[in-house]
Ligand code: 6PG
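Presented as structure tokens, the chain that follows is alone, the form predicted on its own.
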């Protein structure tokens, strides 16, 4: 049998689908799973692709099956399991072979692993993969971080298996060490915000307007034909239209309102804070998931306060139009925050992240794919912008959409409907667009109790106020 072009360790759902994708695109792949029976199962179920799959019972067999320099993809649970697999591979791989972590790794771990392998003869790629099970099988968005030489070795395979947008592959080399995994982290942060804002709009439709799941599904399906066209809006319509096979009731009504998370959203919020970049919609979305987990406390609080929610009154068509624009404005704010975080990280870690390219490779395959990513790419290609909110196209869109966001947040607040991400997006926009804020008072307070000093509007340098003996020091 001819040598494999690439190897893969970990035949869970994502690993299996990625392996089949590679095989189907004409690249022979050697596969290994710690539970060897799973390797045999996978090969037996590969059908017409069996000849493109080399099942391996040991790590040594895997290394022997791949054409040097050997690229090996690791698709196991993030964390210690990745380090264990790298330790095993170090014993069987040779000079210039490439270890590729394709899981949802913390980019700090990726940077550490890259550095650890620098003088070992091996090279390391941290590869963000977005698109879920379906994307892994038929074309994900792929974000690569590592040396340019290691990228060139796997470029042909990754280009073949990636999603395509109007013929353009949704894969790119984004920079060294942790660049790929960092961009995937921010992708997931934006995803958190997008999903939360959609859920908040659903809450207004359900509890404020008294609409049922099927009716709400129709609203989202209609929105998906316009400015909100995106994967998440599309699947929201599908989810809301589905019935539970067991009870015959709407499926969404049978699901406990307690959301899970795997860490990437939290990491994106933490990194934004570390970099000093406001990402309020992302932070609010992470917090909302945490609050959702407090189900028993929320039920008790509802009984204690007895407030409930009030109907949202007014012309329904006008409210629906406002909800669409409000969601659009919130989405713009979330993307602006995410790209601002990536821009700061690019400078901090010397990655030179290609922001227009990132927008382009997110246009297909990934979870947050949407039609206005083209507009984002165009905005960055037109020249440097401090923030997407300052790009001419986005200025016009936000001028049109922000009044609706303002009205919806106000209506929701009056009705007792929580909209943390939408509210945070509005506050971010209002804070950003005002030339004079209120931090002058904060600076005065800081100087009063801690003598931290402040800048004056009429003189350079640090100054102190006339607080006298009342200052705490």
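This is a predicted model, so every value here is computed, not measured. Residue numbers count along the first chain shown, from 1.
The form predicted in complex with this ligand is left out here; the points below concern that form.
Residue 191 is the only one of 191, 322, 109, 271 with a heavy atom lying within 4.5 Å of this ligand in the model of the complex.
Only one of 176, 370, 343, 104 lies close to this ligand in the model of the complex, with a heavy atom inside 4.5 Å, and it is 104. Residues placing heavy atoms within 4.5 Å of this ligand in the model of the complex fall in a single listed stretch, namely 183-191, out of 164-172, 92-100, 201-209, 183-191. Although the partner is absent here, residue 261 sits close enough that one of its heavy atoms falls within 4.5 Å of this ligand in the model of the complex.
Within this chain, residue 132 lines the site of this ligand in the model of the complex, having a heavy atom no more than 4.5 Å away.
When this ligand is considered in the model of the complex, residue 298 lies well away from it, no heavy atom lying within 4.5 Å. Proximity of residue 289 to this ligand in the model of the complex: non-hydrogen atoms within 4.5 Å are present.
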